[in-house]
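The data below hold one chain only, encoded as structure tokens and taken in the form predicted alone.
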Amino acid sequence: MIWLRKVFLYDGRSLREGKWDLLLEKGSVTKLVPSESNSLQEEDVFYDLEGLVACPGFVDLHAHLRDPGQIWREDIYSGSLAAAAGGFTHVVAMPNTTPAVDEPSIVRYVAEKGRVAGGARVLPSGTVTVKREGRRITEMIAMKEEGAVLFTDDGSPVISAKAMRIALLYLKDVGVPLMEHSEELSLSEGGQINEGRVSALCGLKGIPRSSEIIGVERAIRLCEETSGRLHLTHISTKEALEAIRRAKERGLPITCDVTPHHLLFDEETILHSAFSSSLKVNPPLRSGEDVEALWYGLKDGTIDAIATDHAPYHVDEKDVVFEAAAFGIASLECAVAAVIDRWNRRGRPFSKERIFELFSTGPGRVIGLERKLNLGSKADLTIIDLNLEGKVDVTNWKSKARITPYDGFTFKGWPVLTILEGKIVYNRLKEEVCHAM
């Protein structure tokens, strides 16, 4: 059993008044009392967490763990440990692997490895179409029974609108969402960065914002026609977000997420970095106006979750000239800190509760994973030190990724304890905070 003492408590809805002591045993929160009470026993182990914040365990809806078939980039074990180090108790593995996660046996493989990986719990997703080819939908009911929490052809959109429509109709009865990577491939083909001022200055082929906007509008229309649950991932443009806002106002069953890198960086960052390949990502970093729109979407509730889109690559695939580099940014171990730090630097434009919601209850609602922290709750917790400053150093990462635009950044506000079912799976705290009575 473990006591967490003197914490501020975000219970999944609000920050409670005062400081609290929590007792974790047998995978649950079995006592929850004000810190002034004397509930400790002589044999108890406790962590003195004076002034830190206890939250329901954070969830990453979108990470590429590369297993099966691409384990030189990442694997379920390294990804699980990296997610825990980043403050996540649960992480959803994308299915664009080799082979793709397009049948029940491969879902089972990911789920079984994800249960014993030792860090965050890895949850499998399945593809919408066989081999992600956009023609024939997969055996979604059987894949859900093996543990798939969502379906997506991520890495690309569901190419055929007909296949996507059928999948949305089918998923109405399966009870899980379709996650769509919104991109009109005929517009983005060959593109390297956002089509705009920077692409005009440097001569790199641009990816127009219309590529994402058209993809989002297509998905919304199909959702409206089918009433199937739709989740739109890594939104990057103001117009796409406005379309989602209007769709939500009409009551459509739509959710969406945004990435840390689209909140921190814009296309000018690429110019200032002398075209560092670490910033090459799809969808590309957009304009400063888009970044402002995304922060407003966090504030007004349009955006449901922040998801990393963690995309690790071997150094040989990323440490090359910009045009030849793979698309993707690795961030599992610093994503939460990056967002909290930027939220601070922006003058805290919305409440702490909203930040915690975007990493816990928000993504939890998307996949039906209950995120609350009350008496009797499952003991999945993320402990945050909003005042801790730390430097990103990829040489110390659990992830296999060694190239990221965040390397060397100093952020204020870090996860320091990650607890899954009552077991500490990541501990950044110094040993002296742990005591035995």
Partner chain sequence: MPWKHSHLVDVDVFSEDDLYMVLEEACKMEEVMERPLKKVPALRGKVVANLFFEPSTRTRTSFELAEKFLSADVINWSASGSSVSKGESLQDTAKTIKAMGVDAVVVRNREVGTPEYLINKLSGTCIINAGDGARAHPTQALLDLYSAWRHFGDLRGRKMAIIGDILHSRVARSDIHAFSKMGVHVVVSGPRSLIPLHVFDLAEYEPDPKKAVEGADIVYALRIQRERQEEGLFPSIDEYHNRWGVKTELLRYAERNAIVMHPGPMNRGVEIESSVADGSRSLVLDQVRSGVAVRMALLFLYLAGGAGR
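Note that the coordinates shown come from a computational prediction; the quantities given were computed from them, not determined experimentally. Residue numbers count along the first chain shown, from 1.
Separately, the form predicted in complex with the partner chain exists; it is not shown, and the next lines address it.
Using a 4.5 angstroms threshold between heavy atoms, Leu204 counts as touching the partner chain in the predicted complex.
Within 4.5 Å of any heavy atom of the partner chain in the predicted complex lies no heavy atom of Phe265.
The partner chain in the predicted complex comes within 4.5 Å of no heavy atom belonging to Glu224. The partner chain is not shown here, and in the predicted complex it never comes within 4.5 Å of any heavy atom of Glu242. Stretch 195-203 is the contacting one of 195-203, 83-91, 147-155, 122-130, since its residues have non-hydrogen atoms within 4.5 Å of the partner chain in the predicted complex. The single contact residue among Phe275, Trp343, Tyr77, Trp295, judged by any heavy atom lying within 4.5 Å of the partner chain in the predicted complex, is Phe275. This chain lacks the partner; the member of Glu353, Glu139, Glu323, Glu112 within 4.5 angstroms of the partner chain in the predicted complex by a non-hydrogen atom is Glu323.
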